[in-house]
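Shown here is one chain on its own, the form predicted on its own, set out as structure tokens.
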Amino acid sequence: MSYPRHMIRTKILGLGSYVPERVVDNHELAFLDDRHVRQPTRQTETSDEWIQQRTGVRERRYVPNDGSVWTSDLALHAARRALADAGVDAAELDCIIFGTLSPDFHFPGTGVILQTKLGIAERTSCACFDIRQQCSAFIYGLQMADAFIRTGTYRRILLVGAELHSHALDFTTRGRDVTVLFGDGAGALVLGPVETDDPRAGVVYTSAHADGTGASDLCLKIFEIARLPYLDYDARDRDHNALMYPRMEGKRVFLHAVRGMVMSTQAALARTGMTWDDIQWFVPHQANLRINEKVAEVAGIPRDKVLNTIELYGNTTAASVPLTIDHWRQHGRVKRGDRILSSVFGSGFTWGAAIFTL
């Protein structure tokens, strides 16, 4: 007699996150210079009330201002915690997927730097992918990992998102719309295969989308390839250095973010046949609390199921979803076995959603 073979599905084996120790609240932010040193006079015309009203952010984390910490260092802390949580040795990894918009170098990718810092570069020669989907990198990376595992390509994948934003922000009134939003941090998952006939086990659903017509609405053009040389400006000249910093068309980003996240959330439920009774938590990308509130309102998401951390960490881009999940797990709200729907939106424009069991 033959028996049906169990399906191979992707299981989350471990979760970890990390944020730097330094807390920068909205009051201090207004007085910081570009070295993150508090000055006696206000450097940026902003206030706690102005920031909270528009973004919901109260504080964020910054790395030390001495150049001693890299994006790969933040990733390393989160990766080690995820590996420990999974009970997996770093040498067992056969793939690293690293999402970031703030890499250590323009090239090579930061995945190979993390591989070296984990001490496995010469031991495993595991594949390293760097993905550049910014705030959507977690969902894009999860979709990649799920496909790799289901097809048997890899068995132990480290998916990590890490960002060091604080060194690339414009600490003046000109840059405040972007600067008030972002913080430093990292989050990581360890993923592997599980044999099961339960269609709702592990990673249940992923979707990823893009619309390149919005590429210039949120971007950083310092490495624009058509420029010869790249750095043809005086970094200290206010009339010439705008290329150093990100720029954002805030209203367009807000509208497209709400639309993309609502549509991807509704599609995830429709295509899986699930309702909010089947899902414990909604974890949106932490770009702006006002965006997340609007998404919950339009998509009919129960407010008591929405998890946010932007108030505490700001926008940590590729790190925000795993960082938020781990934050609330540490505080006892999220537990193993909980089913999560996550929706994201990022520059590009890119967006997507996923349903998975922790």
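All residue numbers refer to positions in the sequence shown, first residue = 1. No experiment lies behind these values; they were computed from the predicted model shown.
Not on display, but discussed next: the form predicted in complex with a small molecule.
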Contact stretch among 284 to 292, 119 to 127, 266 to 274, 91 to 99 - heavy atom within 4.5 Å of the small molecule in the predicted complex: 284 to 292
The single option of Leu76, Leu83, Leu181, Val203 touching the small molecule in the predicted complex, heavy atom within 4.5 Å: Leu181
Of Arg58, Arg329, Lys305, Arg54, the one that lies within 4.5 Å of the small molecule in the predicted complex (heavy atoms): Arg54
Contact label in the predicted complex: Phe254 to the small molecule, heavy atom within 4.5 Å: yes
Non-hydrogen atom contact Ala168 with the small molecule in the predicted complex at 4.5 angstroms: no
Distance check, Asn315 to the small molecule in the predicted complex, heavy atom within 4.5 Å: yes
is_contact(Phe31, the small molecule) in the predicted complex, heavy atom dist at most 4.5 Å: no
Candidate spot Ile131, Leu159 and His209, all three touching the small molecule in the predicted complex (heavy atom, 4.5 Å): no
